[in-house]
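Read the single chain below, which is given as structure tokens and is the form predicted on its own.
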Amino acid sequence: MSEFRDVVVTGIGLVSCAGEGIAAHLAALGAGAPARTDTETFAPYTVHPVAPLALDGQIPKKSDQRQMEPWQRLGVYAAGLALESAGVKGDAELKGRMHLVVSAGGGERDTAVDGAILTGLRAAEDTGAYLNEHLQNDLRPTLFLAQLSNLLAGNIGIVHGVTGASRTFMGEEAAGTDALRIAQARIASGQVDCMLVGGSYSAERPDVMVIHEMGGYLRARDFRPVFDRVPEDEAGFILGSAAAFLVLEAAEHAASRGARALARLGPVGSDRTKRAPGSTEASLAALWAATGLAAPDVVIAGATGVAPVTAEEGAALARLAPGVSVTALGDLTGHSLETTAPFGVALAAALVSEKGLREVAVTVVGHRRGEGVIRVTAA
């Protein structure tokens, strides 16, 4: 008998530019480009905006909707879809002991105030005094609270009644990988029977455009497939609003309540290299072997499009899975940072449960740091 328990996926909640739910995303999978594209609002940068949602379906109170920022509404909505998919949305007892792991970035800035302060700094005689005065007087007192990444977990608890222990991971793409790693490991080791894990990201924000452009990571042109983006043609990522949550359970716990296991989630491989030439390929190869991947039917890659790491990721996948179809999440939803790994695993589980695939590999290579490999198989 194995020392560790099998971990299965019993619920999936997906929201992106492709729409909501499993069927919408499987239908969009073969399209080759995201379903919704906005080239004007943040020109010259393209964004893949989330599809319109009937928020009342998962967040019934208007007061709850109003007090959340867009990224929180997306996450709470997707979490509700996952709970519904798992058949536990009405089970208060189970949700009361269900643990929660979230991967998320910070909340939104007050961009009007930020812009006014930056403009005023140009003419200020004493820039330090000017900055201190206006930061104290112009920023609303609730701004810092609105930026807290753990507000998503709090709102999921308030709206959906998931009130077991929770933790929130920050740190771009690696946060999503580690959220899954911790959740899978805790269930496998017997520490907990059931967990809700996922993340959300709102790309329709001028402040994130500034942040990523300052780092040179944004693609300032129209859409092009992720693995076709090269430095000569503006390599980089195109952001997309998205949210993904999964209900994970020990296999025997799912069976005891008569739940259908959609897929099995293996141990999650995570690494953080120094990004020297060849280090990403070596990391992926080691993680691939450690997770037990053998002959995946497809690969879902959380590739960013950023040079040169995306080219190295593509070359590594060509060697690790020769002849196997590779789908970049950026070609389906745009890039969603902390949400990348949960979204990839949710899509992999959907492919296994609905399309009859036996093994799907999910890879996540962050635009600055962090590598991950995840094995999803038939339950």
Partner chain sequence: MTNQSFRDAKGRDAKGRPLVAVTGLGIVTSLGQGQADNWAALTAGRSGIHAIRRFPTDGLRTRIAGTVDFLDTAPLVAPALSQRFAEAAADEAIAQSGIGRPGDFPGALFIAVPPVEIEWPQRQALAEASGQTGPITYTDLQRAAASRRFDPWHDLFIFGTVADQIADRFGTKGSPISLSTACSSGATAIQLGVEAIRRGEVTAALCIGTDGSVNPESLIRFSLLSALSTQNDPPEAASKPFSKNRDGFVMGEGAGALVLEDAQAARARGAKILGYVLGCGEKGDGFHRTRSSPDGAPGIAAIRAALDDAGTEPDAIDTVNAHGTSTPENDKMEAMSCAAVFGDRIRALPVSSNKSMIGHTLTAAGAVEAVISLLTIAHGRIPPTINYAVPDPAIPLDIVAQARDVPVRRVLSNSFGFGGQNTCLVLADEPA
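All of these numbers come straight from a predicted model, not from anything done at the bench. Residue numbers count along the first chain shown, from 1. In this text, rigid core is short for the largest set of C-alphas that superpose within 1.5 Å between two forms.
Below, we refer to the form predicted in complex with the partner chain, which is not included among the displayed structures.
Enquirer: Based on heavy atom distances of at most 4.5 Å to the partner chain in the predicted complex, which listed stretch, 251-259, 221-229, 276-284, 108-116, is the contact stretch?
Expert: Among the candidates, contact is made by 108-116.
Enquirer: Check for me whether the partner chain, as it appears in the predicted complex, comes within 4.5 angstroms of all of Val8, Asp56 and Ala307 - heavy atoms only.
Expert: The answer is no: none of the three residues contacts the partner (heavy atom, 4.5 Å cut-off).
Enquirer: Consider Ser353 of the chain shown here, and say whether it contacts the partner chain in the predicted complex, taking contact as heavy atoms within 4.5 Å.
Expert: Although the partner chain is absent here, Ser353 would stay clear of it in the predicted complex, with no heavy atoms inside 4.5 Å.
Enquirer: Can you work out whether Leu83 and the partner chain are in contact in the predicted complex, taking contact to mean some heavy atom pair no more than 4.5 Å apart?
Expert: Leu83: no, not in contact with the partner chain in the predicted complex.
Enquirer: Hey, in the predicted complex, does Gly215 get a heavy atom within 4.5 angstroms of the partner chain?
Expert: Close contact exists here: in the predicted complex, Gly215 approaches the partner chain to within 4.5 Å, heavy atoms only.
Enquirer: Answer with yes or no whether Arg358 is in contact with the partner chain in the predicted complex, where contact means some heavy atom within 4.5 Å.
Expert: Answer no; every heavy atom of Arg358 is more than 4.5 Å from the partner chain in the predicted complex.
Enquirer: Using a 4.5 Å cut on heavy atoms, which of Ala303, Val247, Ala174, Leu239 is close to the partner chain in the predicted complex?
Expert: None of the others qualify; the residue that does is Ala174.
Enquirer: To verify the annotation, which of these, Glu204, Asp297, Asp193, Asp271, has a non-hydrogen atom within 4.5 Å of the partner chain in the predicted complex?
Expert: Contact with the partner chain in the predicted complex is made by Asp271 alone.
Enquirer: So which bits of 349-379 sit within 4.5 Å of the partner chain in the predicted complex, heavy atoms only?
Expert: Contacting residues: His367, Arg368, Arg369.
Enquirer: Taking the rigid core as the reference frame, is the Cα of Ile182 displaced by 2 Å or more between this form and the one not shown?
Expert: No, because once the rigid core is superposed, the C-alpha of Ile182 moves less than 2 Å between this form and the one not shown.
Enquirer: Determine, after fitting the two forms on their core, whether Gly96 shows a C-alpha shift of 2 Å or more between this form and the one not shown.
Expert: The answer is no, as the C-alpha of Gly96 shifts between this form and the one not shown by less than 2 Å after core alignment.
Enquirer: Using the rigid core as the reference frame, would you say Ala307 shifts its C-alpha by 2 Å or more between this form and the one not shown?
Expert: Shift at Ala307: below 2 Å after core fit.
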